[in-house]
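The chain below stands alone and is given as structure tokens, in the form predicted alone.
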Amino acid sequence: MSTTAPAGEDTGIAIEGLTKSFGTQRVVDGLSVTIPKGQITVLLGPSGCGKTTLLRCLNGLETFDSGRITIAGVSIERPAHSGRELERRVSEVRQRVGMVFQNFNLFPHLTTLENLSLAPQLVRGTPRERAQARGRELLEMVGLGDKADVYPSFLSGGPMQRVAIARALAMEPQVLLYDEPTSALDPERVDEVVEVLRRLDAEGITQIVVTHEIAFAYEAAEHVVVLERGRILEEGAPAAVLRNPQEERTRVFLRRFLSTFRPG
């Protein structure tokens, strides 16, 4: 069986019947959804609804129990794929998919430029000069071209998150996954991250963002998916889902945020 999707098939990310349990607790429960290619999709839902677990399954950080994922042209099916075949496919996914974590995970003993250029050298065998040249380009792209020789401890949260995004981009991913990228930031720094996501959106990179922040979803997303107990509760354009949700449980979830957020 070919690892890649059939020629001409361009469905973004396809998730079919995905299940994942930890012990007796089913965290993702038969979930099926298509994530549009080249768009920003935000995953919303209460704590424990399966958002982060779903993200980790997409990047191969968790092995799901059953179902099928097609991401960046690579298909993984469980339990059909196991052992070395599973490892091979997960490795291919990781070469195409970047991950940006909530707490940045930058190496404190390396400058921002060294943080960006290390993985391409070690993983792809990119020559040092070329990796650093690309790193400088990416720092310019995220508005930090003057911070190449600065250590992370001298940066505030917003710039550190932008460095983390640039580091993920250094591996030339087709898909970027973000786990609560703005939750550790001051409100004035959130706009900096939104601006970077929009630039990447204009370049056609598929982006999936896990967040609890409704205002961020409304401002940044083109597609919103609301999860509850590991299942899709509601999905669609942010203006439709956040202004006029069709499900009562979506309205209950959103009601907690209405005192601080009013969709325009």
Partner chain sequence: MSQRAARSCLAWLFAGVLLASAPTTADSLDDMRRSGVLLWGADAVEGGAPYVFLEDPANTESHVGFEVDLGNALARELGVKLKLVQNTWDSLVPGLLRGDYHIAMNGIEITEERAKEVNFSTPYFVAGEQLVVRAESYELNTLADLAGKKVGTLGGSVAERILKNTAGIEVVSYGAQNAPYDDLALSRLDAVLMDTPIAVYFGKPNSKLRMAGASVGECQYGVAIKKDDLRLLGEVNAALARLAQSGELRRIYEDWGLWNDPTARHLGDPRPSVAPAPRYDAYVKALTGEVTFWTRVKRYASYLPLLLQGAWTSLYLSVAAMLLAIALGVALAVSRLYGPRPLQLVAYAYVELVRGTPLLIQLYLLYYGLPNLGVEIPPIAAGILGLGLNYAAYEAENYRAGLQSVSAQQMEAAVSLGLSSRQALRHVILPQAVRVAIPSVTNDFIALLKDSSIVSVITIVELTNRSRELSANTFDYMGIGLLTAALYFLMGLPFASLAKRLERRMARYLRSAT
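Residue numbers count along the first chain shown, from 1. Keep in mind it's a predicted model, so treat the numbers as computed, not measured.
The same protein has a further form, the form predicted together with the partner chain, not shown here; the description that follows concerns it.
- If you check the partner chain in the model of the complex, you find a heavy atom from every one of R94, M99 and L155 within 4.5 Å.
- Only one of 103 to 111, 69 to 77, 186 to 194, 127 to 135 lies within 4.5 Å of the partner chain in the model of the complex by heavy atoms, and it is 103 to 111.
- For the chain shown alone, R162 is not a contact residue for the partner chain in the model of the complex, no non-hydrogen atom being within 4.5 angstroms.
- Under a 4.5 angstroms non-hydrogen atom cutoff, the partner chain in the model of the complex has A168 among its neighbouring residues.
- For A239, no non-hydrogen atom is located within 4.5 Å of the partner chain in the model of the complex, even though that partner is not displayed.
- In the model of the complex, the partner chain sits beyond 4.5 Å of every heavy atom of I232.
- Between the partner chain and the residues A148, M141, L86, A119, the one pair within 4.5 Å by heavy atoms in the model of the complex involves A119.
- The contact with the partner chain in the model of the complex, taken as any heavy atom within 4.5 Å, belongs to N59 out of N59, S32, Q39, T63.
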